[in-house]
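Only one chain is given next, in structure tokens, and it is the form predicted on its own.
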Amino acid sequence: MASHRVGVAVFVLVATAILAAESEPNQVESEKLQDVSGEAVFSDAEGGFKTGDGASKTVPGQAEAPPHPVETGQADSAGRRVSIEVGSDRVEQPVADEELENLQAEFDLQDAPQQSEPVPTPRDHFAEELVIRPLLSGDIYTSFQFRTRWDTDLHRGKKVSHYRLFPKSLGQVISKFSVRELHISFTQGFWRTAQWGQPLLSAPPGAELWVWFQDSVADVDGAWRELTSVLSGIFCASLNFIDSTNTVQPSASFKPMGLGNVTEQRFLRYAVLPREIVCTENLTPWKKLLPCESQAGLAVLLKSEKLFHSSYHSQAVHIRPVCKDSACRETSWELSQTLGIVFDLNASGQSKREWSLFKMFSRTLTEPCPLASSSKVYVDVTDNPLGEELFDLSPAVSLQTQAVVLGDRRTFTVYDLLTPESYGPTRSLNILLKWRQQDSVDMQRPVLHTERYVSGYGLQTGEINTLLYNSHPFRAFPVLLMETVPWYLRLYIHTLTVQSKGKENKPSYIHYLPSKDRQRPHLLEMLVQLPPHSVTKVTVQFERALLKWTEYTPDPNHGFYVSSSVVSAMVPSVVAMDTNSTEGRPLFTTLFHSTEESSYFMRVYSEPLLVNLPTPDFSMPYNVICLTCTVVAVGYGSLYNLLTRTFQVEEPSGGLTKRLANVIRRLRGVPAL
């Protein structure tokens, strides 16, 4: 009871001191000066607090304020005891956790104005961009870029427990499986390079996954199996079907896109599921990785019913280590989420070549993501020079910028979402693009593109044909071609031929890893020099294998998919490439960092193949079962009936005539027959 009274008295004295400080501004000023000079210190770094030293000073030139009790307190977080000095008296008493927190809060309020500690700079940053490029065919290409950078080390011994902008699910995956780089994409449709040009970032149809592991991983295959299962759950995809039969280790086609101190190919795994169907269930977890999800910023445009009503849709996630600054003394983790969409003019049902954000996404932009340090919309107006306008763009803005994209200098109109002027008086940004000409214009063919098809007849043998196009008028350059063929297509590697302009073109490098039935696929990589303005044809023959009846898919007559071939090359650039740091440049120009001024890196994919295999008539077992059951039912049933039936002799009963005669005889009184 006595300790309770002492506690009440202490709190009354504290409240009196606070009221006295509020009523005497001169005394408050003297206490502030006392704190600044370093004589009064407040610290709660170890769970305690203390204020003042029991002395009181006044400002020179001011009247001395009446003395008032000065309290000093100290809390022990381990023993939950508080020691308070009032004047010359010192009292120690145990307190409850709730009372201790309240007491600390009171001292925090008293000393809050005296603190002058700088606000720590956040270690993670988020930026978002939307690139709109009108295609000369009348279609429109939109590319979303979301980038999150985090200045931390996810591979250190101590686990990272606090996540702000970087998604925790991916951070834990990187830390647990010792991932150096991770690249995953989900694509629906095929990019028509000859009609649309080159995309900002290519991806094959279906699902693609390639990962670089740290050199500290002992069992790479085991980590790969577990990683695919975890990613299958994160992205709600069929990545758990990735196994040894569709996984390869490329020797030269895939290099680290970030700071790659690991170049041994045994730490690289690559797999493609060409039949993977991309749907809303894949888009939803992809959007949840964004800091603002789909509630604010550019992500509000990601409406699933509009995105999947398009000719091409590709979403990807790229994680890699990058330099923190230009000196590259420290590294950061970069998460890039990209989404590319092509809206078709005919599929949209529009009679006029007119596009807007509302027509494409059924929504407009009203605000940026509050967590974004940069939020911009770029509209490519390179093909719309002054004096020869092909389309009108509204609202019109004067801010334009130039950037080198895929070896060409492009001009963009920029809408900065962080400035209120971009939204206009309606607080809504709806970019409208209206073509002046209703007919499509032929576009220039890209420098490098590829095609692929299967030839032959019958279901025993066939031939895979790959065409490599070099449209440059006078420059020749090498390309690296990678073919991944399933084990049930048995390649005849001695039939491999490479021809350019009707002549044999001998590859300077060939790496071939034969398949093993039901264990691994074929892997073929070759370095081929493409002459200027030429078409190079690569052919190889194969034989179809006969599968077990349990290895066929539920729809075997649909065919079996073969993943796209991968073509990697350093393509000659029209303008000089910028090899300096990528800081301050648009996000869509930093996907592939250029190391040479005269060329830029490009990776393109061909069409996936659909091959028919010898397929048995799966309806015959059903017919055999039905016929067998019928024979058994008729034959065995008749025999069983004959063996188990009981025969009885019955006297024949009178006919109808006899019964009528007996009725007549009964009426006449004569005895019945």
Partner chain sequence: MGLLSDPNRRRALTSLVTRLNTPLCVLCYLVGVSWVMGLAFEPFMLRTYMSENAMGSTMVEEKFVFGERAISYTREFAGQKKKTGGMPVDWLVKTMKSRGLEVYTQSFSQILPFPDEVKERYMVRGTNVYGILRAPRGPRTESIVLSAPCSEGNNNNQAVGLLLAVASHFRSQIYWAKDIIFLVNEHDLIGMEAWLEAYHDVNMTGLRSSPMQGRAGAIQAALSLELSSDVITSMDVALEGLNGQLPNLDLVNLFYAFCQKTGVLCTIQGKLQRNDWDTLPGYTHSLSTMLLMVLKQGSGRPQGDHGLFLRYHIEAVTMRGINSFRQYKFDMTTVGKLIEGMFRKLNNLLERFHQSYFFYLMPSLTRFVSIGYYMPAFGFLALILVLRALDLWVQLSDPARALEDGVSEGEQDSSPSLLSLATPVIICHLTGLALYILPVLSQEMAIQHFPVSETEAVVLTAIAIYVAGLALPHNTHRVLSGAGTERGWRSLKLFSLLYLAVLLGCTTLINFSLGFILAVTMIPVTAFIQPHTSSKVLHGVALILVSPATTLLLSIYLYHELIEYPVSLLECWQHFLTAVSQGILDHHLYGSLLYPLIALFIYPCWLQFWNIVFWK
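Fair warning: this is a prediction, and the values are worked out from it, not measured in the lab. Numbering follows the first chain given and starts at 1.
From this point on, the text means the form predicted in complex with the partner chain, which you will not see here.
S.K.: Heavy atom to heavy atom, is residue 167 within 4.5 Å of the partner chain in the model of the complex?
M.R.: No - in the model of the complex, heavy atoms of residue 167 and the partner chain never come within 4.5 Å of each other.
S.K.: Using the partner position in the model of the complex, report whether residue 642 sits within 4.5 Å of the partner chain, counting heavy atoms only.
M.R.: Within the cut-off, so yes.
S.K.: If you check in the model of the complex, is residue 520 within 4.5 Å of the partner chain, heavy atoms only?
M.R.: No, residue 520 sits far enough from the partner chain in the model of the complex that none of its heavy atoms falls within 4.5 Å.
S.K.: Report yes if any heavy atom of residue 297 sits within 4.5 Å of a heavy atom of the partner chain in the model of the complex; otherwise report no.
M.R.: No.
S.K.: Can you pick the stretch from 301 to 309, 565 to 573, 488 to 496, 359 to 367 whose heavy atoms fall within 4.5 Å of the partner chain in the model of the complex?
M.R.: One stretch meets the cut-off, namely 301 to 309.
S.K.: Looking in the model of the complex, is the partner chain within 4.5 Å of a heavy atom from each of 176, 326 and 603?
M.R.: The answer is no; none of 176, 326 and 603 reaches the partner chain.
S.K.: Quick one: from 155, 475, 409, 192, grab the residue that has a heavy atom within 4.5 Å of the partner chain in the model of the complex.
M.R.: Checked against the cut-off, the match is 192.
S.K.: Note which of 537, 427, 225, 533 lies within 4.5 Å of the partner chain in the model of the complex, where distance is taken over heavy atoms; exactly one does.
M.R.: Contact residue from the list: 537.
S.K.: Heavy atom within 4.5 Å of the partner chain in the model of the complex: which residues of 555 to 572 meet that condition, in order?
M.R.: Stretch hits, in order: 555, 556, 557, 558, 561.
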